[in-house]
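First, one chain by itself in structure tokens, the form predicted alone.
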């Protein structure tokens, strides 16, 4: 064998698993399709600006701390964190502005401006959120949840989880409405449902507590989001691990129903005892393993999954400071409008008229990402893969101008006149760059019927020696869950070896 393990993809899940394997003495190779690490947590340089791809801040950073601690290392030796405060700025359709600070009492004061009753409810929401994050949901981030038996074991070891199981049954919208009555307050927390790619009506209720978890601390890595995978990759390479860039894996090599390596797009075959996949599970099974090599039940199962919604991203280099107050700005809208984006527009293959829901301003935290006096903005929206408005490759410029129009007309933001560099990454671009089918940046759709044990298993049940990490397994997308998926995969490999 050439290697003990070959890891497909240098995203956070793949790198986190690879770093632990190399630390334990496994001869490990990471094959990355592009020329850099990170996948959906990365950055790239364009006309003197450094733009982030996908992820824009870090929450629940203790998951990353635990990863480094498991290897006898400290996060601070590999990643330089910058605390983010305030968490969000908000712009309403009638021009009002406000921000939520990290401080819970400070946020309570802001909410009290809209509703004294909701300010009192904020205290209760924060208490439940703290318990849910720290003693229930957070505890499962690095625990195997791949089978019902695993889930029952985690539940028995973590009784607090049982207390909050109701939030798996309640949806995001009903959870928010359970605590808050003011439309303004509800609207300020409604966009978070789309952080896992679903509208409030379909998103699981526990996701609503993201509005609390951000008050545990939000961080940004100096040097851009790519600094996180770069730090993990450095640890991996210090332990003797190898990374092969611009090396797309074309297929998984099999000996019967057991992996024995991979074949690259150029025909190179690399032999290994096991393979770890960090790419979309549907692409892995249907293309790299091949339908013909799957048992009938596995073929039916993997085809039944829906890929997540795509998320176009606009990157802008500005010649001056933008008229914003926080690292993240939400051009907020009501719960009803958030649902309408999905049911009335996205499902009808129309580009939502709402425009960019989240504006990220990374140079607010780290000015070094742009030339002196200049700034970077990332604008995140939601849109279908095949819009009725036309092919993405042909409508990029029109789409960009329409987003500027929405920001000016609906929120009074004049960004267009200060743009000196612009790039639009469409769903088709994400598909080409990162092998996300239909641009699915969140992997697979992440409703309650496709979570934890109902997601493709970390340890493949169909192919021996094959393990999965990343957004389409374990607990889904996001920095903490994908790093957690790498921890879970490594633990399973150690048990199986």
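Positions refer to the first chain, counted from 1. The shown structure was predicted, so the numbers you read here are calculated from the model rather than taken from an experiment.
Here the subject shifts to the form predicted together with a small molecule, a form of this protein not shown in this document.
Each of 33, 430 and 479 having a non-hydrogen atom within 4.5 Å of the small molecule in the predicted bound form: is that the case here?
Yes.
Exactly one stretch in 434-442, 43-51, 62-70, 453-461 has heavy atoms within 4.5 Å of the small molecule in the predicted bound form; which is it?
Of the options, only 434-442 has residues within 4.5 Å of the partner.
Is residue 313 close enough to the small molecule in the predicted bound form to count, meaning some heavy atom within 4.5 Å?
Judged by the heavy-atom cut-off of 4.5 Å, residue 313 is in contact with the small molecule in the predicted bound form.
Is residue 11 one of the residues lying within 4.5 Å of the small molecule in the predicted bound form, judged by heavy atom distances?
So residue 11 counts as contacting the small molecule.
Though only this chain appears here, would residue 57 touch the small molecule in the predicted bound form if you measure heavy atom gaps against 4.5 Å?
Contact check for residue 57: yes, within 4.5 Å of the small molecule in the predicted bound form.
Any chance residue 380 has a heavy atom within 4.5 Å of the small molecule in the predicted bound form?
Taking the distances in the predicted bound form, the answer for residue 380 is yes, it comes within 4.5 Å of the small molecule.
Quick one: of 208, 279, 275, 359, which gets a non-hydrogen atom within 4.5 angstroms of the small molecule in the predicted bound form?
Exactly one listed residue reaches within 4.5 Å, namely 279.
Contact residue in the predicted bound form, chosen from 202, 424, 248, 102 - any heavy atom within 4.5 Å of the small molecule:
Residue within 4.5 Å of the partner: 248.
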